[in-house]
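Next up: just one chain, as structure tokens, the form predicted alone.
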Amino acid sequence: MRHVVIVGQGPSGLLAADWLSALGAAVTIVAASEGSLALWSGSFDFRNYDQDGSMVTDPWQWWAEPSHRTFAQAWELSDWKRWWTALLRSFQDIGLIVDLTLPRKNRWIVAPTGRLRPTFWCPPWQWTLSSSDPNEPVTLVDVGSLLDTPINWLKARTRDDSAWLTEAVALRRPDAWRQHWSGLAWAAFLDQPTGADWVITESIRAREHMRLPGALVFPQVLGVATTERLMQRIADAVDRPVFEYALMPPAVGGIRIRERWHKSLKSRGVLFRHGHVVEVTDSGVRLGESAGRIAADEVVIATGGIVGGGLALNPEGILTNTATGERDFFSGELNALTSVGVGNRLSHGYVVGRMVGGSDPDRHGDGGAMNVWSVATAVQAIMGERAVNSWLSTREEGPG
């Protein structure tokens, strides 16, 4: 059995742990922070914008052009389909209600900043639109005291765009409400029976003021542990679909996924170790503050650059500290890893994550694709192509 140490527990680190452990590797995750899932609503992007900044409606068509394969030069669309299916199966395995039919087009979501943007795949609680100029009616829910909610922006857009059939209803505050409540505080309240009863009662009361049919859309506060059950109870009570839109961090959606992913990985024997990696070698990693070493056959570096800096790797093989902009330098915390090529093994490990390969995920909307591709590349190199292809076939055929 191969032992793999993964440095970092953001989306790419947990995805690497998921796929490697499913293939039979013994996995230890080492992280000095919680990772970036608390900043993430849970959606995965494939390709949202072209080089000129124009929106991409059909990412499959965009990736079909050889000149557009900015980092996955060797991948055909069939490869993307197999790995996207594996990703959706993984989310199904951790307890999300997932439609395993791969999306054919980008859909639109309301980003935490309040603006509309395209995205490829969203968790089931996410409110999505089929176009940027929707005519499907929707009722937005105002729970009050959320400074980062875009509901006022959405109301303003309604006035400016007659095609957006939108209304808003306000729920009365619960007795337990406090001025400082963030989205996470609301979610903790709604995870409790008292909170669930309150939101159902208030939703029924608010239904009397709803003029439009269509979905009832809450800010992303509908619990962490009980989300799907609570959403179904509300939907049954008001007789309409219930969804959410994402808020600013802490991102409740990402925390939901993190909690379920951790539980699933631990049930498979994946170990979690708190520590700061200061050295990566051929035989494993060394932790700071005299915390010792962890032996491993392979090391996967999944510090993607969202929280606490991280590593970016461009196609020329240059590693950059994303916090400082320094190249091939890690403040004495990691070895200088200089001989790097995209998809190739480092001298002491593999780098995975959304910042790998010279992509600009914030500009192009391809961070999810980069996570999938870079993790898949490392998994194939570590576990072998034959074993991976056999496993992918089981992912395509049915639950594992």
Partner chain sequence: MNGTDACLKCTICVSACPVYRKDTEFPGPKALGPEWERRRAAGDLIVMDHVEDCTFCQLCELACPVGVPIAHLIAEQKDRARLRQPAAIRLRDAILTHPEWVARAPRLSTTPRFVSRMMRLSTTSRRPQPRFSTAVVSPSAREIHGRVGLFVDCFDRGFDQETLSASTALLTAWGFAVSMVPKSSLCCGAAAYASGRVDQAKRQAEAMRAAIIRDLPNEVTALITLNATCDGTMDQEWAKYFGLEPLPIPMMPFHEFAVSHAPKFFWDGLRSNEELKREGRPRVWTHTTCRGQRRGDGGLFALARRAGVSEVIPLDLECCGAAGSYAFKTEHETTAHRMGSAAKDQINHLMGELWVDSGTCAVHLDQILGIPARHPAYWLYQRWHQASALKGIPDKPSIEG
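None of the values given here were measured: they were computed from a predicted structure. Positions refer to the first chain, counted from 1.
The protein also exists as the form predicted together with its partner chain; that form is not presented, and the subsequent description refers to it.
A single residue from the set F272, W198, W75, W108 has any heavy atom within 4.5 angstroms of its partner chain in the predicted bound form; that residue is F272. Screening V299, I234, L87, I255 for any heavy atom within 4.5 Å of its partner chain in the predicted bound form leaves a single hit, I255. Here the marked residues A32, G35 and V224 all reach its partner chain in the predicted bound form, each with a heavy atom within 4.5 angstroms.
Judged by heavy atoms within 4.5 Å of its partner chain in the predicted bound form, the contact stretch among the candidates 214-222, 79-87, 246-254, 199-207 is 246-254. Remark: S283 does not count among the residues lining its partner chain in the predicted bound form, judged by a heavy atom distance of 4.5 Å or less. In the predicted bound form, its partner chain stays beyond 4.5 Å of every heavy atom belonging to A170.
Among residues of the shown chain, A26 is not one whose heavy atoms approach its partner chain to within 4.5 Å in the predicted bound form. Put simply, K263 is close to its partner chain in the predicted bound form: some heavy atom of it is within 4.5 Å. Contact annotation for 171-208: residues with any non-hydrogen atom within 4.5 angstroms of its partner chain in the predicted bound form are A176, R178, H180, W181, S182, L184, A185, A188, F189, Q192, listed in sequence order.
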